[in-house]
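As a starting point, one isolated chain is supplied in structure tokens, in the form predicted alone.
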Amino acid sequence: MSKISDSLNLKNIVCPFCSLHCDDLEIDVHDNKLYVKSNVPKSCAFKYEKLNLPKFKDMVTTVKGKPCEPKKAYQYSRQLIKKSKETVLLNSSSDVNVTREVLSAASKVNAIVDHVNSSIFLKNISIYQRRGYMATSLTEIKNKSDVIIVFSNNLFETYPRLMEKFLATKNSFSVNSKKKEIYVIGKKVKNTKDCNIRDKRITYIDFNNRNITKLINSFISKKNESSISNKIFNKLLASIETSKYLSVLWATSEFDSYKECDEIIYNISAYVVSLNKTSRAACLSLSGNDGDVSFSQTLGWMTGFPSRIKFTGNFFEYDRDANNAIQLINSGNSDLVIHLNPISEKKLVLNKKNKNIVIGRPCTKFNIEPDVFISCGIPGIDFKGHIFRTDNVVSLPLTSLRMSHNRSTQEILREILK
């Protein structure tokens, strides 16, 4: 086993933070500190290098906001679990390995298991449950798509290497990459600011994505009723009609605040399906920076359901409404919530109506102080693991890069459920 003082050069490392999970990182480890050597956006490198700050090492375990030894936090957590009549295991970010342990934990206390983003990813699942869905993968987009449409307001901040790794690539297996046409539709100023690639293949179009349905209908009727200029619209329509493999990308999370969200997703997917009568087209909804894909995939193969399940003594039962964790918490119909957050940097939203146990990465932020906070190691940084890429088709191994100051989420769950 390596020592803290060892210097290591690690290559082909998988990043656990963004759900593209790029697997080409080179990282130097010296004195247990991480230094990204690859030429990647600053925001990507910073996710690693800020973990070198003392506050990420020194974050202590707390009970009711007061620092304590882990043993005391485990004991108090056991008391809360024993008293609880309705426990929710709420996943805020995890890999496959943590999710498997969550299911094991739920089976011990007849708990409900849900993800903070389930209301978003269940929208996509509903579409292909009800009417079908022509989906693609990032590899297909990179190597076979000649025309790509990206509906984006914030995608290139959320996925900093999306353009570099999969859209405007320098080479492809079965399409001339130099002739690719890429249309980025949405907030033009934001998209051009967040995307550091300047390429003549990319056309940025300023558009209110709330009106995507009107744009899709314009494509179908071949009559421009959108706010896009006729010149740009006709160029875009011509590209679609002559394409050999059209790919359409979006993130449902960007549409979630729109009342038209479900309508937008339905119309994009329906249009893509209709194009396959005469050509080839497919779509991909990007998600998973909070471990959404790993969570739903793991639950899918182990229980048959993507989320919102409850262990009832012998097996897990699915109920989209009754096991909606957020609604249960907000309505006061649960009394204990165990929040699991080993990866994400997002602030956790806790509800004081419940007792709250948080097992989270160092420097996890909350809106209110939890009853118990137990700092855990990060998969892909402190511990090995597995994680699914955003397109659902690739599972990648996470590497342990340094010696951890914290226990893994799995170990902590086993300890508090003894």
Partner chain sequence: MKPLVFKCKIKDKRRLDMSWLSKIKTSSLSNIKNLRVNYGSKEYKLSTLFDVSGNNFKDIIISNSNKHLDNIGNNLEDKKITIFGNVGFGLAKGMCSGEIILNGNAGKNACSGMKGGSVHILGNADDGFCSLPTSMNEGLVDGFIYVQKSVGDDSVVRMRRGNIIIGGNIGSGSCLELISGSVVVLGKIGNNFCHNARRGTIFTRDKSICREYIKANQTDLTFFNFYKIKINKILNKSIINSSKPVRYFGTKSGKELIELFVI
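Bear in mind that the values here come from a model prediction, so they are computed numbers and not experimental data. Residue numbers count along the first chain shown, from 1.
Below, we refer to the form predicted in complex with its partner chain, which is not included among the displayed structures.
Chemist: Which among 155-163, 227-235, 263-271, 340-348 is in contact with its partner chain in the predicted complex, heavy atoms within 4.5 angstroms?
Modeler: Contact-bearing stretch, as computed: 263-271.
Chemist: Heavy atom to heavy atom, is Thr242 within 4.5 Å of its partner chain in the predicted complex?
Modeler: It does not: once its partner chain is placed as it appears in the predicted complex, Thr242 has no heavy atom within 4.5 Å of it.
Chemist: Does any part of Lys188 reach within 4.5 Å of its partner chain in the predicted complex? Heavy atoms only, please.
Modeler: No, no contact at 4.5 Å.
Chemist: Do Thr192 and its partner chain come within 4.5 Å of each other in the predicted complex, heavy atoms counted?
Modeler: Outside the cut-off, so no.
Chemist: Is there a non-hydrogen atom of Asp256 within 4.5 angstroms of a non-hydrogen atom of its partner chain in the predicted complex?
Modeler: Asp256: no, not in contact with its partner chain in the predicted complex.
Chemist: Spell it out for me: taking its partner chain in the predicted complex, does every residue among Thr61, Gln79 and Asn354 have a heavy atom no farther than 4.5 Å from it?
Modeler: So, no: the whole triplet misses its partner chain.
Chemist: To verify the annotation, which of these, Leu328, Ala105, Ala73, Leu249, has a non-hydrogen atom within 4.5 Å of its partner chain in the predicted complex?
Modeler: When its partner chain is considered in the predicted complex, the option within 4.5 Å is Leu328.
Chemist: Just one of Asn196, Thr203, Asn208, Asn110 has a heavy atom within 4.5 angstroms of its partner chain in the predicted complex, so which one?
Modeler: Exactly one residue meets the criterion: Asn110.
Chemist: Can you tell me which residues in 320-334 come within 4.5 angstroms of its partner chain in the predicted complex, by heavy atoms?
Modeler: The stretch touches the partner through Arg320, Asp321, Ala322, Gln327, Leu328, Ser331, Gly332, Asn333.
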